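Given as structure tokens, the chain that follows is alone and in the form predicted on its own.
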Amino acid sequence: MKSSTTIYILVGIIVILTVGLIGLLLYNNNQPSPIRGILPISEIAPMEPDSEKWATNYPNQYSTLLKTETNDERTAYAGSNPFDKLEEDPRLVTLFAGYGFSKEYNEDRGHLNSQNDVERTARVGEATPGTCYSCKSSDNPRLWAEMGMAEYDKTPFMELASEINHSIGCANCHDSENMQLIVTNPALDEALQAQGFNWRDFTRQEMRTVVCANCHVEYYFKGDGKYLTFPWEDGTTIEDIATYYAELQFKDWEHPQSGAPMIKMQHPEYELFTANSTHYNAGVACADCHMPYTRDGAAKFSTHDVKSPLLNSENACGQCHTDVSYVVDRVSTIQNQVSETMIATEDALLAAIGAIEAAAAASGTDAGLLEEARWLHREAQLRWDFIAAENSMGFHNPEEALRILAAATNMARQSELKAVQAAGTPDVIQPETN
């Protein structure tokens, strides 16, 4: 009798638990998806280009983004002050001779200046393609969706200007529905796919670096349509990129003095940082240093006043390092070393250019050896420019930066030697001046 009662009780408990579990599952399936953080106050349209319309829901992020328009502080080698790089380092005029960067090459300002800066540069003209707006506006995600990137890129810059009304903003990195970090640049999506990656599978911490690659990368304009393309098919190291361009026989311009087919590198921060740098291997993301977490009262948020960590070292470096002053001094030591090495590379490149020019003008010059000298000039300069155009003076990856500059210097000296061999006389070597 007692046994039967026990069985009835157990059966009753099982039935109650089963019904309760079914009810809980049905309840959860009919609930809206959980929202990370606070509930939004207003709805933001998909790919909304006006960052001010995001401000109601994200006031701290927006108020700090506004600071990128006015901060003009300079660090030892960069910062947000638009100084003239050609005036600061006159060697660049010769290195970029025959190309737009020999006319004007200014340091970039903050994100909210991106549209104005590109429209005012002397490098823009009637022949400039719309592709040059690709990293300059939060209107781009909408335009890419409406036009397709191919049509966007081949539209003349001056014509596309009527559609560009906002500088870099929220829509360049975020999904307005859930604020997830996303890839908005089709060229980045294509480049990742070419390597077998799907960014949608990346962790949030990984995306805090990947979204920066929407813009902070090396790229080129492919074909007559000037289609924006990242040269990552073979990988993202400088050797991979150089091989890609060599196989494609691509050039941005021909150097008027050396006759070499040249490549102009563009701010490859993502490639240098992810090449097994110490911070990258430790799991640090770009945003950890350039957009460190801060507080407004009880609210913790990632500042959107994107700038050099050296201008915000207590927050940027202090997240991980207890002795911030030591870290800042260490950064200075590294950057000084990279800068000195980079100048030495520039001097070697100028010597190569002068020797090739003199050899080409000499009688009886070996054409084959002269072409080898020109190719070495190209390969040396694109390696140098990979570090020169990158916006950390090597700190994103000091070991890799110095390795690349050493290779560039070696190639430049080989180029000079080839020019001597081509001319059959050392008379083509010009005395170097400091």
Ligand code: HEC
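Every value quoted in this text rests on a predicted model; they were computed, and no experiment measured them. From 1 onward, residues are counted along the sequence shown.
Form predicted in complex with the named molecule: not shown, discussed below.
Taken together, Thr209, Met291 and Phe301 are fully in contact with the named molecule in the predicted bound form: each brings a heavy atom within 4.5 Å. Val327 is the sole member of Leu350, Ala358, Ala242, Val327 with a non-hydrogen atom lying within 4.5 angstroms of the named molecule in the predicted bound form. Residue in contact with the named molecule in the predicted bound form (any heavy atom within 4.5 Å), chosen from Ala191, Cys173, Met262, Met149: Cys173. The named molecule in the predicted bound form comes within 4.5 Å of no heavy atom belonging to Asp139. In the predicted bound form, the named molecule stays beyond 4.5 Å of every heavy atom belonging to Trp375. Under a 4.5 angstroms non-hydrogen atom cutoff, the named molecule in the predicted bound form has His279 among its neighbouring residues. Taking non-hydrogen atoms only, Ile164 never approaches the named molecule to within 4.5 angstroms in the predicted bound form. The stretch from 339 to 347, 248 to 256, 87 to 95, 106 to 114 that comes within 4.5 Å of the named molecule in the predicted bound form, counting heavy atoms only, is 106 to 114.
If you take 215 to 244 and check each residue for a heavy atom within 4.5 Å of the named molecule in the predicted bound form, you get Cys215, His216, in sequence order.
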